[in-house]
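One chain follows as structure tokens, the form predicted on its own.
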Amino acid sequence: MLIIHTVEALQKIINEKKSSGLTGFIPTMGALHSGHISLIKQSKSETDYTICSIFVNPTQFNDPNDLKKYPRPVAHDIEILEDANCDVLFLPEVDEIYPNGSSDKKKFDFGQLDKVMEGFFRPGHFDGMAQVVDRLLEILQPDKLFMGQKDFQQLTIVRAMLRLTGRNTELVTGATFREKDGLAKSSRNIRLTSEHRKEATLIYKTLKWAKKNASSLNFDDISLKAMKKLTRTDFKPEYFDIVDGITLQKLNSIQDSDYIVACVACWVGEVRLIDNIIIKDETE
């Protein structure tokens, strides 16, 4: 596996490979787990050349302490990528991604997509996320972009951004990768205490409960009951919303849309976790 730190060196290699097949790209912030590796494998099966980036993007953290605490086990990440037969790791410094600082920061109009759920509780987060993904796509110009379903709102916003920019990159969704007990794989999981790690399974159990009752209960009632289920010692839910999978607007019942997703964010101790479950998808 090649490890590349500069945009110039990366683009030289990409230009050489473009003529010989498809390129796949997986953007990450490191602290890699099996969910990331599933995306690497998916890219390996669908493209000829797979590139993974590790870049802890400072512009998408609205809390400086969250940025400071974000895990950075780079040496271990490199071993994981080598075992997965990733072709290239792009490991840039901040000034490679933002050579002019914040002066070149793009602003996208996502309507209400970035105002709800994560956008409400983490103002500015999606501005930074869209900025760095757009910049990385500008650098790599990959044929396919692989991202996981766990960050459902992020996935929806990236899809909208691709439409707004007119890029030819295809967005490919990877299913949420879970532990055996159902907890969604996340780089933040390693910050959970052993006791909180056991208790965090309540998040997925609550999502499954919501899906089971979606045909018989009003969604407002489900959301209220889900929030109560998640409110306990050392648990602090921020939202449990049942939304349209395209507009991300709240729905009232199972009849309101062909594509319905339940999304949740909950603090478990000092760690904020998000997850979601598809309740209904008749769009395919």
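Residues carry their position along the shown sequence, with the first being 1. All figures in this text were calculated on a predicted structure; none of them were measured in a lab.
One more form of this protein, predicted together with a small molecule, exists but is not displayed; see below.
* Closest heavy atom of His33 to the small molecule in the model of the complex, within 4.5 Å or not? -> Because a heavy atom of His33 falls inside 4.5 Å of the small molecule in the model of the complex, the answer is yes.
* Asked: Given that the partner is absent here, does Thr28 sit within 4.5 Å of the small molecule in the model of the complex, heavy atoms only?
  -> Yes, Thr28 sits close enough to the small molecule in the model of the complex that at least one of its heavy atoms falls within 4.5 Å.
* Asked: So, in the model of the complex, is Gly148 in contact with the small molecule at a 4.5 angstroms heavy atom limit?
  -> Yes, Gly148 lies within 4.5 Å of the small molecule in the model of the complex.
* To do: Spell out, yes or no, whether the shortest heavy atom distance between Thr176 and the small molecule in the model of the complex is within 4.5 Å.
  => Thr176: yes, in contact with the small molecule in the model of the complex.
* Sort through 76-84, 193-201, 177-185, 136-144 and report the only stretch with a non-hydrogen atom within 4.5 Å of the small molecule in the model of the complex. => Going by heavy atoms within 4.5 Å, the stretch is 177-185.
* Asked: Among Leu39, Tyr70 and Gln154, does every residue place a heavy atom within 4.5 Å of the small molecule in the model of the complex?
  -> Yes, all three are in contact.
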